[in-house]
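Next up is one chain by itself, shown in structure tokens, the form predicted alone.
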């Protein structure tokens, strides 16, 4: 069973077509880069796959479950259980420590405290920021914040990781470190990862590249 199936996804805003019959599949453990110029529909596609936005037509299946057929409660459940998201600007909650940010997805799923603490501790160590567990986001560097964000995205063991320009707000060296870390985490977790990026270097780290133009996938 594919980790992700996108079938003839289309969307428009007022008189502008943003997605045009987009279709592709991703295998378990596969890393796919999504490239294209600004305005080509990349972020809208990512938002529709992640359930943040709703397509006008088409289907999205994650781990065999059809996201586009779910009501709001079912959609919230699927997003909590099967999707992890890494953002360019981190989106850590400013009043929570690094450890508390990572723990939050597990709290939402009702995971027992002892298991939450163990998984958070192991992941913070895995991404190399265990010594910053009690620091607030304002006390972390950009690279540290992105490492915490990666830990938060995978702590609940999702089937699909959506990464939106995960290195776009980092210097080149830190970006390389984060790409290495993402590759290792995906390989170990066997999650599929779809990464929106403008970076050809980041794309070369992936197993496959999809390119978008004017809302459609193009063959190149």
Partner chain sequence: MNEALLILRRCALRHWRLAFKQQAVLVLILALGTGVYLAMRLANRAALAGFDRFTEGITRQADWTVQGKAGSLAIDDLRAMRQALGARPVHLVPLVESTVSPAIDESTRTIGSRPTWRLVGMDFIGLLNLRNEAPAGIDPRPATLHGVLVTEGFAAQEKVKVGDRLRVVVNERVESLTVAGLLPRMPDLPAPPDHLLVMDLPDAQRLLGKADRVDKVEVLVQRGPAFPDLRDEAGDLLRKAGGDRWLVLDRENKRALAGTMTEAFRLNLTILSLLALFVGGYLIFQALDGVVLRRRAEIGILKSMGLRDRTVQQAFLVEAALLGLVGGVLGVGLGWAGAQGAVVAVTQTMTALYGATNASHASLQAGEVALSLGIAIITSIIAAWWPARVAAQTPPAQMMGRHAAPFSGHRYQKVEWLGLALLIAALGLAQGDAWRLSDGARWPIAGYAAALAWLLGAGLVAGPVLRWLARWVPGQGSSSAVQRLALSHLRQPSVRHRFAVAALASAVAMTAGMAVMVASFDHTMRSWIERSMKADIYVSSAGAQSASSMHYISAESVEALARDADVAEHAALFATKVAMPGGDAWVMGTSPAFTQKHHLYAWVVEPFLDWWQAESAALVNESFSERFALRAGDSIDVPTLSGHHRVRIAGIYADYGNERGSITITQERFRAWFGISDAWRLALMLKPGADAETVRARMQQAHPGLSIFTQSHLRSEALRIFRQTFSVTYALEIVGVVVAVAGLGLALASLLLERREELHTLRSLGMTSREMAQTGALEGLGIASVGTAVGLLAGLWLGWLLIYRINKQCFGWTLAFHLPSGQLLALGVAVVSVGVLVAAMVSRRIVRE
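Bear in mind that the values here come from a model prediction, so they are computed numbers and not experimental data. Residue numbers count along the first chain shown, from 1.
The following text describes the form predicted together with its partner chain, which does not appear among the structures shown.
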Legend entry - Heavy atom of each of 52, 94 and 105 within 4.5 Å of its partner chain in the predicted bound form: yes
Inset, instruction - Although its partner chain is absent from this view, report whether residue 122 comes within 4.5 Å of it in the predicted bound form, heavy atoms only. - result: no
Legend entry - Contact flag, residue 116 vs its partner chain in the predicted bound form, heavy atom cut 4.5 Å: yes
Legend entry - Close approach of residue 141 to its partner chain in the predicted bound form, 4.5 Å, heavy atom: no
Inset, instruction - With heavy atoms only and a cut-off of 4.5 Å, decide whether residue 126 touches its partner chain in the predicted bound form. - result: no
